[in-house]
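Shown next as structure tokens: one chain only, the form predicted on its own.
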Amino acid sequence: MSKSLEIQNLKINTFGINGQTILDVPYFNLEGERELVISGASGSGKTTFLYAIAGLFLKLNGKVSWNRSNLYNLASVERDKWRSQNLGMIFQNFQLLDELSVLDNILVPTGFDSFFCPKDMIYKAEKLADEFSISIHNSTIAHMSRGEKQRIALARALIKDAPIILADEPTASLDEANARNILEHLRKISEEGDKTLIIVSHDPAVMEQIDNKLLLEHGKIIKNTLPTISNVGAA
């Protein structure tokens, strides 16, 4: 599938009578570019931006279109189906299930489509765990370190080989060696698998290696290095 992303007149406010604007993007276009890093200070709207393009808000003002299809025109069930088929997401707070094992957490997305997990998916989960140095012998993940949970969340995002990967601070809880391994792996699968990779990060290593950058400040795009002609002057 084409993985073009287009945003038009996107505006998200806080709740209440005196709601404040936390994201204001008049126009943005990502087409044909495999990698993008979104940066900015705390509270600049980075995670909100990521959640908006993942279709995670019930509704919003403006359009978020993947492959010319506005996510927010889809019914909730259809949007969930779109995410299941097209999106692998790494949340900053991981959203893992502490009562489940490592493998069961990695395999959670496969349960959205069927009651039984194919053996090839179990093998892939074991392979991902090995690649990210995660022990699969824990009965639950409740007492595992934050860094270990970060790597489990990454493996879970990759289990279904989705064409779009959204990662919110994927290296934040990792030591330098593991962070480098994670970033190299994400970039490799993005390039070899022709995937769209969008990372929210303030990690200098991530910023250094990914050329396409979007800088947010107070919910607005103040810097955009994408070569797409339609983005020139859009911020």
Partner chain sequence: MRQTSAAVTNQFDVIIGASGSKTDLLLATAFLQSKSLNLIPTEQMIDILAEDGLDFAAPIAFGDSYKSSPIIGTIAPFINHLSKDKLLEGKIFTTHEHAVIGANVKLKVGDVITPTHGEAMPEDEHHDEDEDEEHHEDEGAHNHEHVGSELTIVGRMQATATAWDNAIIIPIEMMWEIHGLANGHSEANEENIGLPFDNEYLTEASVMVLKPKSIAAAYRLRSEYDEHQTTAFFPAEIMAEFYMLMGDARQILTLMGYIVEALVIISILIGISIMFQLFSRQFAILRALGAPRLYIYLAIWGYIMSIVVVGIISGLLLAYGTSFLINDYIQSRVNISIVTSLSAAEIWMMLMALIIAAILAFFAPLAMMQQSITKQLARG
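Remember, predicted model here, so these are calculated numbers, not experimental data. Numbering follows the first chain given and starts at 1.
If you look for the form predicted together with the partner chain, you will not find it shown, but the lines that follow are about it.
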From Ala41, Ala205, Leu58, Ala177: within 4.5 Å of the partner chain in the model of the complex by heavy atoms is Leu58
The partner chain in the model of the complex has a heavy atom of only one listed residue within 4.5 Å, and of Asn73, Ser139, Ser135, Gln95 that residue is Gln95
Check: Is there a non-hydrogen atom of Ser101 within 4.5 angstroms of a non-hydrogen atom of the partner chain in the model of the complex?
Finding: no
Would Pro118 count as a contact of the partner chain in the model of the complex, using a 4.5 angstroms cut-off between non-hydrogen atoms? no
Please run the contact check for Lys149 against the partner chain in the model of the complex: heavy atoms, 4.5 angstroms, yes or no? no
Is Asp161 close to the partner chain in the model of the complex, meaning a heavy atom pair under 4.5 Å apart or at it? no
Counting only non-hydrogen atoms, the one stretch of 178-186, 163-171, 63-71, 48-56 within 4.5 angstroms of the partner chain in the model of the complex is 48-56
request  = Would you check whether the partner chain, in the model of the complex, lies within 4.5 angstroms of a non-hydrogen atom from each of Val77, Ser84 and Phe91?
outcome  = yes
